[in-house]
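Shown next as structure tokens: one chain only, the form predicted alone.
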Amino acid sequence: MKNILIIGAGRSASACITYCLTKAEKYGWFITVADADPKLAERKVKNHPHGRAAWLDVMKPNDRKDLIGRHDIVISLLPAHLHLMVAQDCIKLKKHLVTASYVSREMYRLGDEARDASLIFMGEMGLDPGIDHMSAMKLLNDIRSKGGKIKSFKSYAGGLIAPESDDNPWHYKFTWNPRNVVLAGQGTAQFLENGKYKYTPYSRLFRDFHTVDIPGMGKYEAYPNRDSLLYRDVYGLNNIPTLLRGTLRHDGFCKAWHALVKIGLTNGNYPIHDADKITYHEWMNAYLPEGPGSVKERMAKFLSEEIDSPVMEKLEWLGLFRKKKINLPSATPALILEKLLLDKWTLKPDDKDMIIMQHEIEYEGKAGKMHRVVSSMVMKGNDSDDTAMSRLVGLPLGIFVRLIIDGKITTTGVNIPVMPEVYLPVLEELEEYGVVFKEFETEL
């Protein structure tokens, strides 16, 4: 019997837990779901005969090591900064490790130790990162196998609200970690365009968005990810003139979010004094110079917006001008904004989320003619529990664990899923769950 430990039972864990429990029944595995909230873990296990819930405070080394030591494979769905100590335990206890998070430099440094112990440490095995890598590599290698020379690579993904559940002026609801949404894009985005390096600082990121046409879905706004060049070498695109990875949002989102950035509401570096006593109205006034007119009127002037513009409509809908107390002591602007958005952007029980992913590749064929390939995937969730986000983060993790147990994975050390032995079988099985990329090719 293979024993699998899943650490973390949060919003992205459901599909992974369900997949592993289903396969456990078929193959005789046993699944332990560990979380600091054991009742949450129990709800995810649902009294399955091949599963159990366990309490775990991951910051307690002895408890953590004891639990890891009793399993063969660990799936960590913890916040990214906690993976390293789990990984170090897995090295000592000789256990395979799979995560959906970006692989840090510190994690990569464990590569030699993992290889020496014949251990498989796979990171970025989720949606983005994860399915984006696997689908992109399959597409790129298919083009290369035909003798094509890649000239431009653009890749986009977005966790969105499905049109039938879109009932607010922002056209957005939380489908993943709210904190990450509030802090998204901070830093400077960098990418390649026509052979030139381009840099977009956070202060301009949501202002300088562009539009992307998704076949069958329409136009969406896109802003560049922080470092589009991160995978240039891994993807084999070192000499490519144009390379961009971006995030998708519905029409009107970026301009309104730029307003929040301009005001200073996404800043997490300082506390708001008396945040438990003042109102949102007073908070907004604190960012504006004194003068004639209401807070809303002066804010519109500060943002160079008309008082009844779509941007001002979105800010008012959030409740930023209400005379309601914030009731959050010593909170940063980002934390206050997160609390406000949680009240407004939480999925209702029957809401459906939607994931869109699209790759756009231009390549030169054998005959010297230029071609353009667009590969798109759209998936909707069923409700606020069975979300597309949970499926697309969790299913690749579960599928990869099955491949390890079946002896199909030979690559040891610390890796991401860019090798054919990983992405071909994972993508093939994902198609059984409706994860299908539709490709359109045109000659330019």
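Note that residue numbering begins at 1 and tracks the sequence as displayed. Quick caveat, the model's predicted, so the values are computed rather than measured.
Below, we refer to the form predicted together with another copy of the chain, which is not included among the displayed structures.
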- Message: Taking any heavy atom pair closer than or equal to 4.5 Å as contact, tell me whether residue 238 reaches another copy of the chain in the predicted complex.
- Response: no
- Is residue 190 a contact residue for another copy of the chain in the predicted complex, using a 4.5 Å heavy atom cut-off? yes
- Task: Find out whether any non-hydrogen atom of residue 110 is located within 4.5 angstroms of another copy of the chain in the predicted complex, and reply yes or no.
- Result: no
- Item | Contact label in the predicted complex: residue 204 to another copy of the chain, heavy atom within 4.5 Å | yes
- Note on the structure: Answer among 272-280, 84-92, 170-178, 343-351 for heavy atoms within 4.5 Å of another copy of the chain in the predicted complex: the stretch 272-280
- Heavy atom within 4.5 Å of another copy of the chain in the predicted complex: which of 145, 330, 118, 194 fits that? Just give me the one. 194
- Students should find that, of 307, 217, 183, 229, the residue having a non-hydrogen atom no more than 4.5 angstroms from another copy of the chain in the predicted complex is 229
- Item | Within 4.5 Å of another copy of the chain in the predicted complex: residues from 233-272 (heavy atom criterion) | 262, 263, 264, 267, 270, 271, 272
